[in-house]
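Just the one chain here, the form predicted on its own, laid out as C-alpha cells.
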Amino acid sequence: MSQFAVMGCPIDHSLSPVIHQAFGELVGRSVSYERRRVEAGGLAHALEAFAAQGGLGVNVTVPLKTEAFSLSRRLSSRALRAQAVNTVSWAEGAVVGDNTDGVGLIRDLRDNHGLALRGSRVLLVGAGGAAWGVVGPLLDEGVAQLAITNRTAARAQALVDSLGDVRASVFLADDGDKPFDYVINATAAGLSGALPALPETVFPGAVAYDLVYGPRAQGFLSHAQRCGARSALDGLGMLVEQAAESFFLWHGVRPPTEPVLQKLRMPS
C-alpha cells in the first residue's frame, strides 16, 4: 500500500487523511495516509525517516512550508513563485517541492462556486505565506486589480514588489470607497478570534472568502456579512481542491472532489 502523510504542528485537527483516503476509494487506489507531528526545524529528519520507511509523498502545513522550500532540491514553477512548498515527493532520492494552494483556491471559486475572477477587483488581506501562495494564480485568472493589505505595510509592499505586475498594489485607505468584488482573508487572525483591521466599506456586495475553514473562519465571515457582503465562503473547498492536485501529482489520476466536499460538509 502506498504511504503518504501530512506533517506540521499542530496536526491533530488535519482533515487530510480523511480526504486522501476518500480520494483513493473513489479512484480505486489503496492509500495509507497519516498525520505526523513535526515542529519547526525538524522537517529534514522527518522527511528522511519517512522516505526510508517507503513514504512516497508528504503534504506540508504550518509552520513548515518555507522549511520544505529550502529543503527541496527541485522546485516547480508554482513553488518558486510562492516561495513555499506544501507538496513533497522524491525523484532519484532528491526532494521535489510543489505548491498546490493557489490552484486549490482558484478551483474552489471557479468550479465549486461558479465564480468568475476575470476583470474583478480583489482585496487580499495578509502578506504572509498563505498570501504568497495565492497571488500568482489570482493574477493568472485575469483580475483587474489586486490590492494587498497587511498589518505591517512593508510586508505588503514587498509582496507587491515581488509580483512586478501593474495590477497589484498596496491597499490604501481611500481604496475602501470603491467596491471590491472579492475580499479574501489570508491571515491567521481567526485563530485568536481577532478580525483584520479593514474599513467596513470594502464589504458591500463583495464575496468574502477566508482561506481557513470551519469555526476559525466564522468571525471574519460573519463580520463581512454584517457589513454587506453578498456571500461568505470558508476555505474547506480550497483544502479539498489543493489536496486533489497533490493526489494527482502523486498518483497520476485526478480524483473527483464534489463527493468528498459533500461528505465533509455533512453534519457530524
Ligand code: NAP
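Quick caveat, the model's predicted, so the values are computed rather than measured. The first residue of the shown sequence is 1; numbering continues from there.
Heads up, the form predicted together with the named molecule isn't pictured, but that's what we're talking about next.
Look at 116-124, 69-77, 163-171, 130-138: in the predicted bound form, residues with non-hydrogen atoms within 4.5 angstroms of the named molecule sit in 130-138.
Of the listed positions (C227, L56, A46, V62), a single one reaches within 4.5 angstroms of the named molecule by any non-hydrogen atom in the predicted bound form, namely V62. Site annotation in the predicted bound form: the residue of L211, V38, V202, V207 reaching within 4.5 Å of the named molecule with a heavy atom is L211. The shortest heavy atom separation between A188 and the named molecule in the predicted bound form is within 4.5 Å.
Residue contact with the named molecule in the predicted bound form: K178 places no heavy atom within 4.5 Å of it. Proximity of R155 to the named molecule in the predicted bound form falls within the 4.5 Å heavy atom cutoff. The named molecule is not drawn, but in the predicted bound form it has a heavy atom within 4.5 Å of L239.
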